[in-house]
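In the block that follows, a single chain appears as structure tokens, in the form predicted alone.
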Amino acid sequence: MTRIIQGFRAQGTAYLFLLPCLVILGALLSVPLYKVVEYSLYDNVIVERNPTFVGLQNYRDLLTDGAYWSASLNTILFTIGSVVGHIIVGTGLALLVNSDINRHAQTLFRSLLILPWIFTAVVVALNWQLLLNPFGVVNYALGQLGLIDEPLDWLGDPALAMWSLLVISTWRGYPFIMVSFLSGLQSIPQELYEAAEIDGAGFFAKFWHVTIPQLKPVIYGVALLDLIWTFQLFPLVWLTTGGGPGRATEVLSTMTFRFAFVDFEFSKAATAAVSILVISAAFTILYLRNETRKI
């Protein structure tokens, strides 16, 4: 009993020091969250001086809005496509920079390949707009190679905009996966690869039967975290295509912004934000459960 009391006192002291920070963070998180949920229950707050309480009517209107389901589908396609692209490119580059090559070259490659993660969304969006411009470098290079007869409007054509956005998102997000997998690769015992080589396993057999099983916990956790981030990604989409052309690349985050600061329908924006929050919270719970199993 005495040990329990002493342990409680020791932990209580630690939490006492953390209390001011926890109170501030709690207020900064809970108050905006409460206001967003409250706004979603009224008829166009902020714009109206005396908004009317409408209950769940905004949610019913949103769920019957075809534009919302179109944005939801785009969000799913963009999220899944980006995460898959991040994992494929990140895994390949992690294997590359983890290979047994010259140490100076290895350091150079690692430094260069991490650059997309350092750039802000504004820099990435502006540079890719220049590259994918009808008169940009990409169209010029493809024309010189004879792959296209006339310049393509990569970000302005509804049939190409989402694919172009996925390429941009993959380029921007792969460094996080690469670094995470690289740390996992370096923790795999070399004895496992040596044993596989003795059994006659080649590169792909070692990758499938040694690397993937050893990286499985890392892959699951990192993929969930990337899923959470990408699902609510806003700056890159808005600054690159603005959700256009038309609504070809409209995702839930850009729709929420458009409701609030273009149409000035803040209640609709709050309702859409709550729907994003609910889905993100579900992914977050899965991620936290996965991390708890590792402890």
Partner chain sequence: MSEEDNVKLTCTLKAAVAAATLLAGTASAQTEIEWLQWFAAENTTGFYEALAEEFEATHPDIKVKLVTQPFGKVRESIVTDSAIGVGSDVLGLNMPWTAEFMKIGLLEPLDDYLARDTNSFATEDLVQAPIGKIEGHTWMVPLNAFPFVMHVNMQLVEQAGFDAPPSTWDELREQAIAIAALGEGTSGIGLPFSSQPPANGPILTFLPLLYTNGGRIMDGTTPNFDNPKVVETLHFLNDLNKAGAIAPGISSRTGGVDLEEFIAGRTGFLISPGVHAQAIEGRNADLDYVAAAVPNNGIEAYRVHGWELGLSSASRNKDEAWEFINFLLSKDVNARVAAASNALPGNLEALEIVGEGAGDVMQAQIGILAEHEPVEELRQAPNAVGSWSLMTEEMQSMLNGDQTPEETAANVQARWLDLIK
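As the structure is a prediction and not an experimental result, all values here were calculated from the model. Numbering follows the first chain given and starts at 1.
Quick note: we don't show the form predicted together with its partner chain, though the next part is all about it.
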All of D153, T241 and G246 within 4.5 Å of its partner chain in the predicted complex, heavy atom check: yes
Position in contact with its partner chain when the complex is considered in the predicted complex, options Q214, S72, N133, Q106, heavy atoms within 4.5 Å: N133
Interface residue in the predicted complex among L227, V36, L41, I46, criterion: non-hydrogen atom within 4.5 angstroms of its partner chain: I46
In the predicted complex, segment of 107-115, 133-141, 88-96, 166-174 with a heavy atom within 4.5 Å of its partner chain: 133-141
4.5 angstroms heavy atom contact with its partner chain in the predicted complex for G202: no
Residue contact check: V262 to its partner chain in the predicted complex, 4.5 Å heavy atom: yes
F266 within 4.5 Å of its partner chain in the predicted complex, heavy atoms: yes
P158, heavy atom within 4.5 angstroms of its partner chain in the predicted complex: yes
